[in-house]
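What follows is one chain in structure tokens, specifically the form predicted alone.
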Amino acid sequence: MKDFLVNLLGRESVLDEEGALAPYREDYCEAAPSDPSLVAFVTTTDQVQQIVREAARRKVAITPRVAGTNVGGLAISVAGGLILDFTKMNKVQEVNDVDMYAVIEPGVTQKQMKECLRDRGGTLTLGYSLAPPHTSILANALLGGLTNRSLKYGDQSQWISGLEVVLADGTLARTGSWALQNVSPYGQVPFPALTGLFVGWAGTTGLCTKMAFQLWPQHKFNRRLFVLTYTPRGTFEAVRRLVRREFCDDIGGLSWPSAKMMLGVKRPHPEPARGEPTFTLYVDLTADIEEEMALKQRMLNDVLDSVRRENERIEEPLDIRMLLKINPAMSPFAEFPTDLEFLTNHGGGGLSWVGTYGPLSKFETGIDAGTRIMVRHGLAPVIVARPMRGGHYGVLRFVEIFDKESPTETSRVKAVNSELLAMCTQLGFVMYKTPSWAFEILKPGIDPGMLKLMRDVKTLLDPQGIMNPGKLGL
């Protein structure tokens, strides 16, 4: 396979030496490392097609990878497999300012897309995940990741208008309105929604080489406000009331250890000091005229006052610009995309989480149970909770940082994550960006017909099992 790749791509685009392969054998999380035999940098769809055909002929496993910042091992190859690195396949193919969509390749990063839209006049924007600026937009969308516009528009997979996909035999296919020749990728309808065959599948059904996705208007005025709260009930009752009023662009809740870490406390104590806030809400408001912004701030205060009248302690909103003057350490939350270095650069190298989607009505119960689990294991309860898609569901995520060189800490994280997953599942939450270990735990509870359908789809689209094998336990 090496000679084929060198002839196709050039020697400089193929890695096979141990030192060069080392960064590809793991990610941030506790998943066991695995050594690929080769890494190939692709730049065109035709190259991907040729490589897939040859890999199918030789029955070589292929794992797609971009930034490698995913946690859960989804971009870790099986031993001896081939990793296709898409970082150099990074063209913004099209931006349609009138119909508000873009077409991009897998290597296009959040930072790159933001700069592209800014250079075009800044009339459009997209949503940004809390992953670093150098991460892939396409990868986040295919894994159903959230962004700072998910309150309005749902997870990023719901923004996909169409995909260009290389199937396991090298065939190229397009989904959505894009499937009809000379039609723009305005949306998935009215064709059958076959985009779903590649969303949430972690690269096990095909390799996406282009994505068309929706963009959103960039408004003239933008404000990010922080609100300190003191009980989970007060926090999320406020959230539920805010989403019903439909004037916020984004709402996010960060537990007290999250805020402390953001301010430089590397390992917060597992339990809060007496009288400290338990959560920090951040609320994004946008407007095109000053009167509109003033009205939205009045509406925010009205909702907060309604919860205060029920004997809940909630502080007055603080503008991020004022907070930055008091403490510049707040800068990672001033503008997205951002690199939360207190999670990714803490010295131990390890980052893991159990991130789930589920009902807002169960937030307080899940936060209380998850806090008890984490504290019992000696971990500060770093929790992110936020509403999605107009409040129809939300994300509840429990985050751990740890020393990857410590077997004790790694084992503890595995135990904590198993308990958290069991608790969340019992409450009706479903893990997203689901790693293999979690899928195995969830599998007995999945509807048998659904599981059979998934296996049939996987077998149909990847009969030789070369597409990122093992990631969904199918």
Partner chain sequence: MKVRVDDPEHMNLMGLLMRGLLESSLAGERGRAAARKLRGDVRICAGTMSVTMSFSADEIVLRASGNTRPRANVRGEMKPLLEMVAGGGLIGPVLRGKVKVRGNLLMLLRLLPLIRPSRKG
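Positions refer to the first chain, counted from 1. Predicted model only: the values in this text are computed from it and were never measured.
Beyond what is shown, the protein has a form predicted in complex with its partner chain; the following relates to that form.
Heavy atoms of P359 never reach within 4.5 Å of its partner chain in the predicted complex, leaving it off the interface.
In the predicted complex, its partner chain sits within 4.5 Å of a heavy atom belonging to A273.
A residue is said to contact a partner when one of its heavy atoms sits within 4.5 Å of a partner heavy atom; H269 meets this definition for its partner chain in the predicted complex. Among residues of the shown chain, E290 is not one whose heavy atoms approach its partner chain to within 4.5 Å in the predicted complex.
Heavy atoms within 4.5 Å of its partner chain in the predicted complex map, among the stretches 350-358, 91-99, 327-335, 70-78, onto 327-335 alone. Here is the short version: of L281, V166, A259, A238, the single residue with a heavy atom within 4.5 Å of its partner chain in the predicted complex is A259.
Among L180, A193, M322, V375, the residue placing a heavy atom within 4.5 Å of its partner chain in the predicted complex is M322.
Looking at 193-220, no residue comes within 4.5 Å of its partner chain in the predicted complex, counting any heavy atom.
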